[in-house]
Every structure is written in structure tokens, then in C-alpha cells.
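In C-alpha cells, the next block holds one chain alone, the form predicted alone.
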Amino acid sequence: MNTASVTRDTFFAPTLGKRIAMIGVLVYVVYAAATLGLSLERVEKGIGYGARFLAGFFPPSFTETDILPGLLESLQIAFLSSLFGTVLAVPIAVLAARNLMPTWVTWIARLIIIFCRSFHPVIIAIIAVKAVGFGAAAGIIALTFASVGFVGKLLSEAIEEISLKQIEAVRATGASFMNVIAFGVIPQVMNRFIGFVAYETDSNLRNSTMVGVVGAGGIGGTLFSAFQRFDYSFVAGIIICIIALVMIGEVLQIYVKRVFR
């Protein structure tokens, strides 16, 4: 196909296939809205209820003493789960790289990564709470599980995209497999690896506030308790503190990337 002949008019031309696709999407949207009970009346009522609900958030309250310990616990959960998840994800990612390992090995490693990515952290947190009880340990287990899936997938894909010339040069010296990894693979993926870990730590910082809702430690438990007490001014204070914590994590992520670049 000659790409030079493709113009704006021909690309957006309403062909029969495009019309059928658009009609199908429209029909499904109407069907989904009808089966879910969506209506303008409910939206109008929801806007009114939402306005009254948000009015109870002001002024935010920071007088409770549970905010700082909860934030510190969330921070510790995020850091430890990122550390443990990264330590576990690195060897799994190496085993999942198809340019380094036999096919049967990569399939086993990829199944592990897929399994870790198949469940939302909250679901894992619920299971972990049942297994080890309420507290930070359940949150660390849940977010470590998620970190293995995220870092393992992206790192394995990064390894598969590296240049094989450097690996072949290291192998030509008679180096062992670990030396090939150390001198042929790591230098090529280090910058991206740091970015993956920094992003996952930032993600775990946000998720650590969420898994606490189901009893897995952190500020999320304090937030859920405030909702149950209808103490919405305190809820607003917690939300503001969570936003500030996430913003600090974002700044630190940018700084870490600059330092190790």
C-alpha cells in the first residue's frame, strides 16, 4: 500500500465498515446505559446529593492525632512493598526474557507475571488480611504482589529490546551467565529499570491508602473509620494530606530519575 496516497479525506472516509462499527458502538452504549439504570433524573438527583455531601467537607479538620501515624505507615508500606517486589521481580523478569532463556522457562516466568497482574491490590489485600490478620503486613503482601507483576512485565520487555551485540561480546570473553547479566544486560536497561521502580513506588504510595480501607494498614483505615462516623471534615483533612503525600512522592520520583540518569 502506498502511504503517500493516504490523505485526510480518505482516512476519515465513512466506509461501510466504519459505519457499521460506529452504529455497533452506539447501540451498545444505549444498551449498557439502559441495563445499568442510567437516567437524567438520577444524574440530577446525584448532583444535588453530591453538592450537599461535599459541603460537609468544609472546613477540613486536621485536629485528629491519627493522620500522621497513618501517613507514616502508608509510606512504610509503599517503600517496603516496592523493595520486596523489585527484588522478586528482577530474577523473574530475566527468566521471562525470550532473548536470554529457553521458551519453556519464559512461559513459566510469564505465567507468574500474568498471575500477579490478574488481581487488583484490594483483592489481594482482602485475602492477605484473612491470612495474616489486620495491619501493615497484609498491605505489604498485597502491594508486593502487584509490584512483581508490574516491574516484572516492563523489565522483561525492556530486556527483550536490548542490543544483542553487547551480550555476544561479553559471552565471547568466556564470561559466566551472571557476568553476561551484569555487564551485558544491566547497563542497557538500568535507566529504564530505575524509572520502573520509581513509578511503582509512587503507585504503591497511592495504593497503600486504598488497601487500608479493607484493613491492610495505612491511612486508608483511618479514612474509612472517618467515613463510618460521618466525620466529613476529618475526611477532607485526610484527603488533603494524602494528596500532599502523593505530590511529595512525585517530586522525589523526578529527583531520583535525574540523579541516576
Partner chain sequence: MSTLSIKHLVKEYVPGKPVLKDISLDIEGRGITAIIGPSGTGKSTLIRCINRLINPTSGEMIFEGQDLAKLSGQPLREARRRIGMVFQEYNLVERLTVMENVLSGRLGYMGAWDAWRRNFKDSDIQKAFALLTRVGLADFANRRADELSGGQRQRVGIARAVMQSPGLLLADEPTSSLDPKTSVEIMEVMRDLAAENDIPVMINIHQVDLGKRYAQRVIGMSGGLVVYDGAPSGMDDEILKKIYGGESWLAT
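Since we're looking at a predicted model, the values are computed, not measured. Numbering follows the first chain given and starts at 1.
One more form of this protein exists, namely the form predicted together with the partner chain; it is left out here, but the text below deals with it.
Answer with one of 109, 154, 71, 170: the residue that has a non-hydrogen atom within 4.5 Å of the partner chain in the predicted bound form.
-> The residue from 109, 154, 71, 170 that makes the contact is 170.
Which one of these stretches, 119-127, 80-88, 180-188, 96-104, sits within 4.5 Å of the partner chain in the predicted bound form when only heavy atoms are counted?
-> Answer to the contact question: 180-188.
Would you please decide whether residue 174 lies within 4.5 angstroms of the partner chain in the predicted bound form, comparing each non-hydrogen atom pair?
-> Although the partner chain is absent here, residue 174 would touch it in the predicted bound form, with heavy atoms inside 4.5 Å.
Going by a heavy atom distance of 4.5 Å, is residue 166 a contact of the partner chain in the predicted bound form?
-> Output for residue 166 is yes: heavy atoms within 4.5 Å of the partner chain.
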